[in-house]
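First, one chain by itself in structure tokens, the form predicted alone.
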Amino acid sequence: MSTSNDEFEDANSHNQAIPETVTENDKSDNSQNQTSDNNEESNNQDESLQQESDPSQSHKQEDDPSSQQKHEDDKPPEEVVEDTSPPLSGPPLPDRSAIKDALKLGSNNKENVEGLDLMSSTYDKQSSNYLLESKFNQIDRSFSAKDSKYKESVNSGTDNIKKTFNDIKNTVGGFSDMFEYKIDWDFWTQIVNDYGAVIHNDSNKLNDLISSGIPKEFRGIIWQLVSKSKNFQLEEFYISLKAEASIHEKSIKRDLSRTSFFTNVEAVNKGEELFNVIKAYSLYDPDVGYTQGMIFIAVPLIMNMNDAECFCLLVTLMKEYRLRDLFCPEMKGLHLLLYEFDRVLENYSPLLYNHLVKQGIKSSMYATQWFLTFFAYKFPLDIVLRIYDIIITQGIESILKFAVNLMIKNEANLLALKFDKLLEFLKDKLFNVYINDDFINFNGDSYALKSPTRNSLTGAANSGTCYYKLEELVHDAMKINVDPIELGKYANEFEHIYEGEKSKTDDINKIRIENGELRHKIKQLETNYANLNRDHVGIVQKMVDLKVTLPEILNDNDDLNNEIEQLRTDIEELESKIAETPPSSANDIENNIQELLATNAQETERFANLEDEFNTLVAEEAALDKELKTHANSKWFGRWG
């Protein structure tokens, strides 16, 4: 069962914006570490790093070539032939100084040391079931820290599912011979009654049973029991939440129909319950809200319990198993898993790890969907349920076993490929190693895959051969051992790198804000400068115009000054003449004026008389015209007319 790329496009788009927090940091200061095609420098760096973190191991590694011999034995046959090809192109090996600094934090940071000491106490160093024991103790310690009301609700729920298990045992336990597989009811009863005692006393058998798959008849009960998720208070809260509306409803309904597992859900009439669980969680945790990857996470849960129990287990996985960090906006948990994956892969196969680095392949390019969906986007439901058995009992870190195992199984093919073909293989062909031989057509050195049937993908009981080799896949993955202490160290390294990158990002954002403010001030200054420049140009133009008109003004001024001088001269001459004129002349002038006034008065009177005569003549003329009009119709005039 394989889904199309667009089926996961929302989750992918949610990831495409993810900054390369760790891998970008690894690229810093690469110029000091550029080497040729061989890996001697990288191996020396690894050895020096191990010596620095644990000096007691340095001489042992020098004397014991077992690790080198192991890698030589694991090489494919073609690697034995001398390679005369040119050095592989690609980025240089990553700088390990950041990792060294992070490891040194263990001795300087008291909190980190205490955290690692606490983690080391969660499992037995002599056992190989590291994650199984560690996860149980972590959940138990977290549960002990809860308030009494919460404990009472969970304990009550646990008693309820124990009763349900006993009812199932009493009902179908006598028909075990009819099942396809044998169920060890006695041991599973011990697990249900006292899971902690089984962990401490018989963890190897427990691990084998879980790796073989929890029986589907009570898989949901074991999941809830191990995770301590059965909570009546939370179930009541879910009932109220599912009745409310969510802004994500349309997106959830759209993605449900596009998710391949939805056909499995619809087959058992749980489509509406799955919708309610996803919607309720989007309301319960608004910071996360909803992303498409949640459907892949919730489908295996709803297939093994009712919707209220599914909601409680989903909340527990998000909070106690830290799945929430995978879906938060920063997706810090996803970055951490990718970083831990890189480090575990480096430990198991330094050759493959360095090859990927040289080719510029980052785990975020191909492994993001693995961790966001627990391989549900690729594998059929039966395989995903088996993966969930491991995750719920061993923690989210156990997904690294499946991821690293896939890489190791394909190591020979991956080492022979370069960037484009390598990335294509990682995305599309990595899982082919576990396709059942019945679905492969061999033709000499080549092969072709048959199209799987729906039954073979879903792992139906009556389908005959399944498309994937389920048991082999889980068995191989369980061989990959992951030490919680090492994961704790990786987490400390990642946290140090992450905080450094976050600090750089904060500084960059602060500088960007300051830069924006400065740009704004610059624009204001530019505007003010433009205004001043425009005013300056106007003033300069006025000065130019003034310089042009100044000579004319000066000439006019000279002319005026000359006129003034002339007038002054004339005034002085007149004053002098007036001063020389005798008083009698003034009297004569006065008499002349009086005579002229008298003459003017006479003329005025004569003009008035003439005007009166003119008016009289006009009146007479009007009278004559009227008289003529009066006699115009007389016979005398008519006869002559």
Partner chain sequence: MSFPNPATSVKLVLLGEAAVGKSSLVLRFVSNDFQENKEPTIGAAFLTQKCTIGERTIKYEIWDTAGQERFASLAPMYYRNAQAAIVVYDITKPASFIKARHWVKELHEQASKDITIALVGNKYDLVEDDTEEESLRKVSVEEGKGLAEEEGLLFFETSAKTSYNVNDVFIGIGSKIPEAASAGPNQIHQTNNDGRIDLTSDPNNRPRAAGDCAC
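Numbering follows the first chain given and starts at 1. Rigid core (definition): largest C-alpha set, two forms, superposition within 1.5 Å. All values derive from a computational prediction rather than experimental measurement.
What comes next is about the form predicted in complex with its partner chain, which is not displayed.
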- Query: With its partner chain left out of view, which of His335, Arg386, Lys135, Lys230 would have a heavy atom within 4.5 Å of it in the predicted bound form?
  - Reply: His335
- Task: Using heavy atoms only and a 4.5 Å cut-off, determine which of Lys162, Lys502, Lys427, Lys319 is in contact with its partner chain in the predicted bound form.
- Result: Lys427
- Message: For a quick test of understanding: in the predicted bound form, does each of Pro350, Asn410 and Asn481 have a heavy atom within 4.5 Å of its partner chain?
- Response: no
- Message: Although the partner isn't part of this model, could you tell me whether Gly516 comes within 4.5 Å of its partner chain in the predicted bound form, counting any heavy atom of the residue?
- Response: no
- Message: Is it the case that Asp437, even though its partner is missing from this view, gets within 4.5 Å of its partner chain in the predicted bound form, heavy atoms only?
- Response: no
- Query: Is Phe419 a contact residue for its partner chain in the predicted bound form, using a 4.5 Å heavy atom cut-off?
  - Reply: yes
- Message: Given that its partner chain is not shown alongside this chain, does Glu330 nevertheless sit within 4.5 Å of it in the predicted bound form, heavy atom to heavy atom?
- Response: yes
- Of 282-290, 388-396, 138-146, 489-497, which is the one stretch near its partner chain in the predicted bound form, taking non-hydrogen atoms within 4.5 angstroms as near? 282-290
- Query: Across 509-532, which residues bring a heavy atom to within 4.5 Å of its partner chain in the predicted bound form?
  - Reply: Arg512
- Taking the rigid core as the frame, does Arg141 move its C-alpha by 2 Å or more between this form and the one not shown? no
- Did Gly360 shift 2 Å or more between this form and the one not shown, C-alpha, core superposed: yes
- Verify the C-alpha shift of Asp420 between this form and the one not shown: is it 2 Å or more after superposing the core? yes
